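Next up: a single chain in structure tokens, the form predicted on its own.
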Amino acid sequence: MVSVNEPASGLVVGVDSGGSGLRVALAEAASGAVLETFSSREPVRTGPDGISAGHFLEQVLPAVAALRERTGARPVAAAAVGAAGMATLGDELRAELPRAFEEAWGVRRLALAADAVTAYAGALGQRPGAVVAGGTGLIALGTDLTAWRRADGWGHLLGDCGSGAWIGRAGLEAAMRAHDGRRGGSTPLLSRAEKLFGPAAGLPGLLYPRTDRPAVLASFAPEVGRCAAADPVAAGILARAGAHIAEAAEAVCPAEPGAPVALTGGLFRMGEPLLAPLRSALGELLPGARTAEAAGDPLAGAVALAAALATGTLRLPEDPSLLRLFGAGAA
């Protein structure tokens, strides 16, 4: 077991588990410098008891064993896991991973976090501020380093307002309005929808039986972005998305002058068609905040959490569902 006071020769493990797969990084405990990485395109399964610890371990343990072999099999000082669904579906992971990691690597310092927390740590590190993580879904997380504040992340039926799925659904609705001849329709979006999915009348039968409906909806969001320059309906959808995203950031941003607000995730690769109205909305709702470039992604955040655990420098607040620490005070 590596002492918290002797992290220099040790390693840390960071894991990012999301809807599109799983990534693992092995890094230096003292500096957080990444040495080796592993990626899997197989998402961890979710069953009746939540995220499957067995399937998670089937992927992570062999991957870390191979990474450690290539880096000299030094001791692991700490580990951190960020997982989509950890807040509501992570009971099995919280019950089984501490023991499994201790048996496999002799490590007891472990952080189990919602992926929004690792997104925050990757984007802003350990300073007060707010992060909006946007992709297929959308969640905002903020902290003043005493507690977390969360907004949205409730899924495409109850929320995720301004997300890829939200934009795609609004774009397809506008396409269907044009197909029907109703007000608010968009002929350019109808043309793009039929090019991607086939005749508009067949879209409900194509979409509704799918178990990956949010991802299918989000796949149309870039088309809304491409139409926005010439189509006022598409531009209006992105203006409303920007307002929703800014409202989520406002709800979680600490009341500190100059608090940074960072945007992370694939949604924001849409560029100016979304970012321009978003910046305008942020300026109105959070005039005292400042936008900040995200320094890293959720895997970088998991590595940063693990390194902070190993060196006793973790400042981000613990939370029963968002960030659970195990063995943090052990010698």
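Just so we're clear, the structure is a prediction, and the values are computed from it rather than from any experiment. We number the residues from 1 along the sequence you see.
Absent from the display: the form predicted in complex with a further copy of the same chain. The rest refers to it.
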Name the stretch: of 120-128, 75-83, 245-253, 99-107, exactly one has residues whose heavy atoms fall within 4.5 Å of a further copy of the same chain in the model of the complex. 245-253
In the model of the complex, the residue from D144, D180, D91, E194 with a non-hydrogen atom within 4.5 Å of a further copy of the same chain is D180
Out of A239, C161, L190, V233, which one falls within 4.5 Å of a further copy of the same chain in the model of the complex, going by heavy atoms? C161
Exercise: G155 in contact with a further copy of the same chain in the model of the complex, heavy atom 4.5 Å: yes
Tell me, yes or no, whether A201 is in contact with a further copy of the same chain in the model of the complex, where a contact means a heavy atom of each within 4.5 Å. yes
Within 4.5 Å, heavy atoms only: does V34 come near a further copy of the same chain in the model of the complex? no
So in the model of the complex, does M176 come within 4.5 Å of a further copy of the same chain, heavy atom to heavy atom? yes
Thinking of L172, L217 and L285 as one candidate spot, does a further copy of the same chain come within 4.5 Å of a heavy atom in every one of them in the model of the complex? yes
Residue by residue through 293-326, which ones have a non-hydrogen atom no more than 4.5 angstroms from a further copy of the same chain in the model of the complex? none
